[in-house]
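One chain is shown next in structure tokens, namely the form predicted on its own.
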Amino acid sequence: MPTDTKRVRGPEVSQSPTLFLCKHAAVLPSHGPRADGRQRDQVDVRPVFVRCGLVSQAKGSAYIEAGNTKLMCCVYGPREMERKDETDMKCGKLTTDMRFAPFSCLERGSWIQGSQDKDLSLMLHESLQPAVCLHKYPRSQIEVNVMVLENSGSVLAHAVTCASLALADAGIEMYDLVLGCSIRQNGTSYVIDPSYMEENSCSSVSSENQGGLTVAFLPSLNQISGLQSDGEMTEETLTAGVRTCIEGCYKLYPVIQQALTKAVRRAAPPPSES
């Protein structure tokens, strides 16, 4: 008997629908060492690898790797604005675009920019704009594109640092570098530079002082250019969290300076033989 080629045949083996239910967030302990060996309640950031000038097609680029969190940033411009009606004769325009690669998260995403990507792009813009000398680039726009290659926590903080490095590598005039650091508060305990599991874990203690905080900091000027928080935290806890994030930024500062110094030396022409 001939088979029906137009009918989609079902699978021979079926599975229970309960296998595809959303799993509850893991409950991590609020005391003792963390999963990666770092200590709680201390300014213990992950080891950072930084490299500038990797993308030859861009004016400036940077790559940052903190633990398993990996990001790439490219800067284009300054170039003429696409829309003439948005041209500012006295000040330039900074545009930011932050996206997650489809393979960056546990659940495969899409190339189309979602609501989370748009929110992170706006936060990135608010953190970088105070540090860029836009009055030096009238009637021009500077484009900053950040791609998250792997999301293992603290994405926004490392995106700020990576974008600042790319802007400096592109030769854009800035008042200072912008460094990012994040913290996760869990009751009376906190973890700095949290991982993906720590950001999405459920608390095993009371719901008081639960939330996250990300700070964008200008170390040479000792000023905060951006601050983003979620959850519920008291004023004292929030103030202490900001100070802790600033200490974390100062820990990253020598690494960023060394990466920029190496990039300048690589780009410098060799000395002429006289």
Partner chain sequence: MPFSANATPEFEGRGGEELGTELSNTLYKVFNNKHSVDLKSLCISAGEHCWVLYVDVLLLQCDGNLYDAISVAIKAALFNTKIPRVHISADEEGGKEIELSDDPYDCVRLNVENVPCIVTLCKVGHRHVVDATLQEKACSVASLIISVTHKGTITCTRKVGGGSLDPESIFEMTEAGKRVGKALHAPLMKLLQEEESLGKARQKVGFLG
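Residue numbers count along the first chain shown, from 1. Note that the structure is a prediction, hence the values are computed from the model and not measured.
Just so it is clear, the following notes concern the form predicted together with the partner chain, a form of the same protein that is not shown.
In summary, the region of this chain contacting the partner chain in the predicted bound form, judged by heavy atoms within 4.5 Å and restricted to 114-122, 69-77, 99-107, 157-165, corresponds to 114-122. When you look in the predicted bound form, the only residue of V43, L238, V48, A58 with a non-hydrogen atom within 4.5 Å of the partner chain is L238. Taken together, the three residues L227, R243 and I246 all come within 4.5 Å of the partner chain in the predicted bound form, as judged by their closest heavy atom.
The partner chain in the predicted bound form comes within 4.5 Å of a heavy atom belonging to E126. In the predicted bound form, the partner chain stays beyond 4.5 Å of every heavy atom belonging to G187. Proximity of L54 to the partner chain in the predicted bound form: non-hydrogen atoms within 4.5 Å are absent; the residue sits far from the partner.
Proximity of N222 to the partner chain in the predicted bound form: non-hydrogen atoms within 4.5 Å are present.
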